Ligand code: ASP
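Have a look below at one chain only, the form predicted alone, in structure tokens format.
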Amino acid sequence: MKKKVLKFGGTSVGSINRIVHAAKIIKKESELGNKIIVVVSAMAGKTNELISLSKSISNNFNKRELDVLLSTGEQISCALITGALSEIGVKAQSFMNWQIPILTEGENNNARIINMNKTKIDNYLSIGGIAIIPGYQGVSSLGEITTIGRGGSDATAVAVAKIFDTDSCEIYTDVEGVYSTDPNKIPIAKKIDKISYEEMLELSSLGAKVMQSSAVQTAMIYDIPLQVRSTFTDRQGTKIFNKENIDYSKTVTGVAYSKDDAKITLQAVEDKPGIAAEIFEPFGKNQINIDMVIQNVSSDGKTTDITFTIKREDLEKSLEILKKNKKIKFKNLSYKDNVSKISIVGAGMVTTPGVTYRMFRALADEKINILAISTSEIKISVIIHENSTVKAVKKLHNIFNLD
């Protein structure tokens, strides 16, 4: 008998018909003799609907109350899935975050799961029941309802798999697995049968929407087997596993992109020890994530140009932070809000020379100008003009034989 976590995303529970279909999948897994813990997201579009309701009250809606509001989306899914299971003769019960409880720490809208009380769930599983748990939320040490960020149901599923020591964690979604790039934009994208945690972490952090990056990171740390599969077909999905199984013969595994970036450049910044810390400290205090950072020191060694990228939604706030920062001096500040980030990811890049050249030559052949570059062992990212995104992805997908 295996113990499994089955996580169903928003599209998988996006309508009553889909909820009924998901219930049948759960029933089938249970009939195979498995102990099942189900983690559910809110119905597709529900979280956005709730956010819209809050904004109709105020653009600065109280964060505590926003968590109370947003957590209802997953609670609705829990009740409907449980009802659908009961209707087809399956013993099931929903458990709200505070009933378990799912303990979190950190601020509202961006908390993280630190532990769960296993007693109620284990007792219910021991009598043959299926436990239904809401993703994306928990409760603080003070008894306050918290949420753990968009896409947080993945993080909940992986945390459940770790804490309950399950044999596997299966992520059900509307695609058949992880693809070499976005199949909605590039129809010839290829499904990846197996991928390492490291590669999946890079892809998810770079814009691939299949899994939340923090969930992949947790799975990697605790070596939790993951499988991404479709709710709507019986085909094998994508297995995500540890680095010992990396296929180094494959140079590039996938091409990821994001179109919600902005680029800021500070020119002729006084070059002295600690200047980068002085620039970026206020960003951390204002909960703004910095992505790529490129620094070019002038020939005389006295000044430097610093370019970095942020999420586009943070641009206005970032510019205001820089203009108010009296601890730094620079000659000019420029920015672009119409850029995108294109990245190639692959474990085989470690042992294959010439990958960087091939990527840059491919973009040059398409007359695509590179605005910034960032590299790691298994990733190369570039910033380009947004209107060249699809053309760049198609070219790279082709040049690295991913079609």
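In case it trips you up, residue 1 is the first one in the sequence shown, and so on. Quick caveat: nothing in here was measured; it's all calculated off a predicted structure.
One more form of this protein, predicted together with aspartic acid (ASP), exists but is not displayed; see below.
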query	finding
Pro225, Pro101, Gly151, Gly83 - the one with a heavy atom within 4.5 Å of aspartic acid (ASP) in the predicted bound form	Gly151
4.5 angstroms heavy atom contact with aspartic acid (ASP) in the predicted bound form for Glu202	no
Aspartic acid (ASP) contact in the predicted bound form: Ala42, any heavy atom under 4.5 Å	yes
Ser340 within 4.5 Å of aspartic acid (ASP) in the predicted bound form, heavy atoms	no
Contact flag, Thr47 vs aspartic acid (ASP) in the predicted bound form, heavy atom cut 4.5 Å	yes
Options 369-377, 55-63, 354-362, 34-42; stretch whose heavy atom lies within 4.5 Å of aspartic acid (ASP) in the predicted bound form	34-42
Residues within stretch 122-144 having a non-hydrogen atom within 4.5 Å of aspartic acid (ASP) in the predicted bound form	Tyr136
